[in-house]
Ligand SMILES: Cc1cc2nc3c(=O)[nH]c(=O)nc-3n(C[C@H](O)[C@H](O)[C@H](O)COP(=O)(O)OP(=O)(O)OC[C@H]3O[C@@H](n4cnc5c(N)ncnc54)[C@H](O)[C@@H]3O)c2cc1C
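One chain is shown next in structure tokens, namely the form predicted on its own.
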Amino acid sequence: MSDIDCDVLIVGSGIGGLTAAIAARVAGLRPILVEKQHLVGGSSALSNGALWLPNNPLMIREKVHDSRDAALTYLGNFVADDDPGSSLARRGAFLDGVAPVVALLEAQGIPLQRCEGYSDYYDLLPGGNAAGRAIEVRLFDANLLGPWRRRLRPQSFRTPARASESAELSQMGASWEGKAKTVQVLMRALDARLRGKALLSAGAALQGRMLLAALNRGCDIRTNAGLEELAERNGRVTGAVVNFDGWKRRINAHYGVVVAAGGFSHNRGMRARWQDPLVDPQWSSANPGDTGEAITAMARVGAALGWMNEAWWVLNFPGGGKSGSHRIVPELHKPHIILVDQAGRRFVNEAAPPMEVGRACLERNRKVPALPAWAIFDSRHRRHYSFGSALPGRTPRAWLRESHLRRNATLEGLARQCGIDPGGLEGTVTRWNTMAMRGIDEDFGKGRSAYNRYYGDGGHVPNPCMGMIAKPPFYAAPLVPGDVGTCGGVLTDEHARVRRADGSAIEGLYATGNCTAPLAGPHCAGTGQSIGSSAVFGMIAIRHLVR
């Protein structure tokens, strides 16, 4: 087994790994980045591409009010000051790293812009920001990558639309603004096709630009190279054994190892050990490489773990033959729809952040069967809004034929089709309709926050998220708590160093991203939180190890 030498070994090619690789080259180091899969990009490439970065320079330039103190207060809503996975010092380091990471990306020629109006998920809490703290990249022509184009993980949808355009697109069947945005995106796609561009958006655009920047900096990126074990000497991590397509080689890292290798969504053994046994890994839409070997390798050298029971939950509609599974988020913010358990009762604000709604299903299921939970909506929702891959007014016949989606002329008949208590559902809908006429959800507050309303129907009054469920036929869709990745992992400090259970740092070992315990504990503070913090701590790790 011959050795390879480098200054820093980076494991994983998501946003954290590529940021670390670029930062290492800027610092004059010789990094090697290894990715166990053939494709580069990780789960970041499958995301909406947003980075949650409070008080960022783009907000300052556009005079959007924010501050470090406000952001620190906001993060404090979710975890205690002594939380082992998110200490006060770690939160502060994240916020202090926002401006430098934006400067790092912009220095590589990566064009950034704000996701205007994409509110914090909990904007009503102290320190929350309704204007939004997320940023994103502009669209990217993958042809610029040359031969590396085929080694970039493709995006999870074909529409060349940014995260900040998703709310308007979700209104395509309900408003002229939505129709205009749809036409704009379609013309964009047509123009790209005529010009021979391979236009990418969202997470694929972000990772395409990051990969191009890393290649332009001369980063050594090696695919089909999986971490086997970390190498130690006198309590310090000095490198790792890496499996290159069956050929194991040791990589010696002079300064240390940065692990940015994601979580364990597709590892049945780890999920069975740490998470709700009813969660099926097949419900996950995380990238196939989210299998947890890196977390296990770090634990073997003494890393402490935290929040292993959590994931970035999002409800999935496992509907429809070739169309596969669909994440359901904007659909639940719209009027004329509620979410119920098997007893026909609501149990959550349907327009709450995806992680909260998914966890609510799991918690409800401990009391009343709620796996699946049922989205109940009427013909107006189906006529005006998309549901999964089904455009407004167009319901795939296969969904109905194969019972992925249920339809009935009456609520009672619909309930019996789904095994829902008919009386419970009738009572819930009656109460919902009464509240919808007033526009006030007295039970769960749907439509109260800026985030609730972000995906609502702005033309629907008095509440853009509430509408009566009264016009037949009625529909029911089974939804299950999938995820876009697990969010528990090793504990790290403010320098991204991996920690032992006694709080001491493992010298030479750094980590970032979904293989680490999250910054806001069992919550997601805003769209792009995991990607934003992963990028920041990827940079912080490099800055610390070269000290």
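Don't overthink the numbering: it's just position in the shown sequence, from 1. Just so it is clear, the model here is predicted, and its values are computed rather than measured.
Heads up, the form predicted in complex with this ligand isn't pictured, but that's what we're talking about next.
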| query | finding |
| --- | --- |
| Contact flag, N56 vs this ligand in the predicted complex, heavy atom cut 4.5 Å | no |
| Contact flag, G41 vs this ligand in the predicted complex, heavy atom cut 4.5 Å | yes |
| Partner proximity in the predicted complex: H495 to this ligand, non-hydrogen atom cutoff 4.5 Å | no |
| Non-hydrogen atom contact I135 with this ligand in the predicted complex at 4.5 angstroms | no |
| Residue (of E350, D341, D290, E331) lying close to this ligand in the predicted complex, criterion heavy atoms within 4.5 Å | D290 |
| Residue (of I32, L519, V484, V490) lying close to this ligand in the predicted complex, criterion heavy atoms within 4.5 Å | V484 |
| Stretch in contact in the predicted complex with this ligand, which is absent here, among 400 to 408, 193 to 201, 281 to 289, 380 to 388 (heavy atoms within 4.5 Å) | 281 to 289 |
| Within 4.5 Å of this ligand in the predicted complex: residues from 304 to 318 (heavy atom criterion) | W312 |
